[in-house]
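This document starts with two versions of one protein chain, written out as structure tokens and named structure 1 and structure 2.
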Structure 1
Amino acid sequence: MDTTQRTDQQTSAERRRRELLEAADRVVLRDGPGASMNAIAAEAGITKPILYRHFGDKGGLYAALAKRHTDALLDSLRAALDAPADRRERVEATLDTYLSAIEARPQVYRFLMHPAEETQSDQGFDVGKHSAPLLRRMGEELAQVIGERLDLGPGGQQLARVWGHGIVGMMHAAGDWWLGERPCSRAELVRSLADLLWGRLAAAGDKVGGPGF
């Protein structure tokens, strides 16, 4: 049958692709984001041109790899964000989910934040798109949730987008720093960040003797 045939071919190609991605995953997790195409091909038991046939170029492979992990992480985050609980609890759950993920698999995290490096772009200098797609996607996702659930008055959608990206950036930078220095427990970090979002910065009193920050 024509359809089954076509399906077989498709599944075969897709299975290959998944095998290659898994091999690439192992190598990237072992050797870091600088893993060479040769190394990945060797791990998969084949040679370079096949990788290029499947993914076009290194950027394509890395994008496919990143998409898998990004999708997985975003699913967890959505779950935490949609849990039935009050706002503060959900914010804390989401922060904790993200931090757990980067804590459990720092190599994956590092790879996602440091994507293909795009060799040299033309002098167009695509500033604004250089950031890791993961950050952008998380920002948009969060913006959407905020925008559809909170009543922010006129201009609320735009505000939600700013906040989405801002909060994600806060989470990311704090998490990155925390992962390197481990200055406190994860729970404390989550609490501190939630406190920040809850306006404790504005509410805090000045220290004696000078104008407060």
Structure 2
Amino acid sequence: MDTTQRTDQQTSAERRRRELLEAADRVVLRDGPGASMNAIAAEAGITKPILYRHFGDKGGLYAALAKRHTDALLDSLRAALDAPADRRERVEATLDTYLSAIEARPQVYRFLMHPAEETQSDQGFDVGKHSAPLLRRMGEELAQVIGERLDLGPGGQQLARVWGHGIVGMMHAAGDWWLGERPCSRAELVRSLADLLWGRLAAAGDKVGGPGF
């Protein structure tokens, strides 16, 4: 097999994988945490063994969907952090970006973070053990941004990781509660969370030569 044939096959496989993930997205938007391999295979017009061939198992498909949505969310969060605004406005914009994302697609959020709600593996994905790494990835990404942009003094890299994971944990817990109960508007929640964060964030100086926070 020559290089052109291998490249064509790889391109075809990547396109097919993308199509299967889009089919899975449609089922997740419809069924939420109860999305099943049978339903996804039916939506894609294939048999379940073919779906397994592409992703290995339910965990493999979940991981691929999680990466797809986490990548998109992180891109949006980075854009909010890079917006031409003052620091307080960027903090609020970042919080709002996360909350608006889970509000816009609550079924996707519940599938990623609460897959056990539909319990048994024959009915849904048994992937609860995989949801924590998504939050850890977001925490590490935010920690990197904080470490690159803020002068936190001695031990700054460790403090950046504490802040990164702490902020993500706060966003996740508050957002989960808010999405379920809707006790206030999204704007009110954003302001309240920003108030909680603001004291220390306001006091930290930008790192010399960095892009600024």
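Since the structure is predicted, the reported quantities are computational estimates derived from the model, not experimental observations. Residue positions are counted from 1 along structure 1's sequence. Throughout, rigid core stands for the largest set of C-alpha atoms superposing within 1.5 Å between the two forms.
- Here the chain appears twice, and structure 1 is the form predicted in complex with the DNA.
- The two forms, fitted on the rigid core, differ between structure 1 and structure 2 by 2 Å or more at the CA of A35.
- Aligning the rigid core between structure 1 and structure 2 leaves the CA of G199 offset by 3.8 Å.
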